[in-house]
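The chain below stands alone, shown as structure tokens; this is the form predicted alone.
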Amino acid sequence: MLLVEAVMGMALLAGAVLARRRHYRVHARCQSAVVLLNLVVIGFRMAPSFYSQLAPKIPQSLGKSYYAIAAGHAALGVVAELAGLYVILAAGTNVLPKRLLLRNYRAWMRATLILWWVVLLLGVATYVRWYVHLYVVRPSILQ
């Protein structure tokens, strides 16, 4: 899943480049596809993992980095996904009432992209903390 998320992160950056080059339709399709694919990944992989491995330990274990990093990733991930869905609805459809439409698309899109990358980096940190065992070699062992 980490590789899939990394590819989606790169696709979001590519989509941002498309917008800079004024290829707005392709930009919209690219960004929308990533946000919707991420929703599927969250629903089928991340949410079940959260509810089985993390949720039972909240709040008593949040003092441990093992759980705190993952909880931060989950909380900010929900915010990032909801922001992405909101941008899609506000920028690409006529579903929302006029008062809920965006006035500054660029700021919302950039903020959502930055938040998405923070969440991705927290996902990497979660993966490293949960699955990669780092061993510190003591200098005395090397002598």
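Counting begins at 1, following the sequence as shown. Note that this is a predicted model, so its numbers are computed, not measured.
Below, we refer to the form predicted in complex with protoporphyrin IX containing FE, which is not included among the displayed structures.
Asks: In the predicted complex, which of the stretches 57-65, 36-44, 96-104, 22-30 has residues with heavy atoms within 4.5 Å of protoporphyrin IX containing FE?
Replies: Among the listed stretches, the partner-contacting one is 36-44.
Asks: Hey, in the predicted complex, does Ala74 get a heavy atom within 4.5 angstroms of protoporphyrin IX containing FE?
Replies: Within the cut-off, so yes.
Asks: State yes or no: in the predicted complex, is some non-hydrogen atom of Tyr86 no more than 4.5 angstroms from a non-hydrogen atom of protoporphyrin IX containing FE?
Replies: No - in the predicted complex, heavy atoms of Tyr86 and protoporphyrin IX containing FE never come within 4.5 Å of each other.
Asks: I'd like to know whether Ala16 contacts protoporphyrin IX containing FE in the predicted complex, with contact meaning heavy atoms within 4.5 angstroms.
Replies: Judged by the heavy-atom cut-off of 4.5 Å, Ala16 is well away from protoporphyrin IX containing FE in the predicted complex.
Asks: Can you tell me whether Phe50 touches protoporphyrin IX containing FE? I mean in the predicted complex, with a 4.5 angstroms heavy atom cut-off.
Replies: So Phe50 counts as contacting protoporphyrin IX containing FE.
Asks: Can you tell me which residues in 1-34 come within 4.5 angstroms of protoporphyrin IX containing FE in the predicted complex, by heavy atoms?
Replies: The stretch touches the partner through Met1, Leu2, Glu5.
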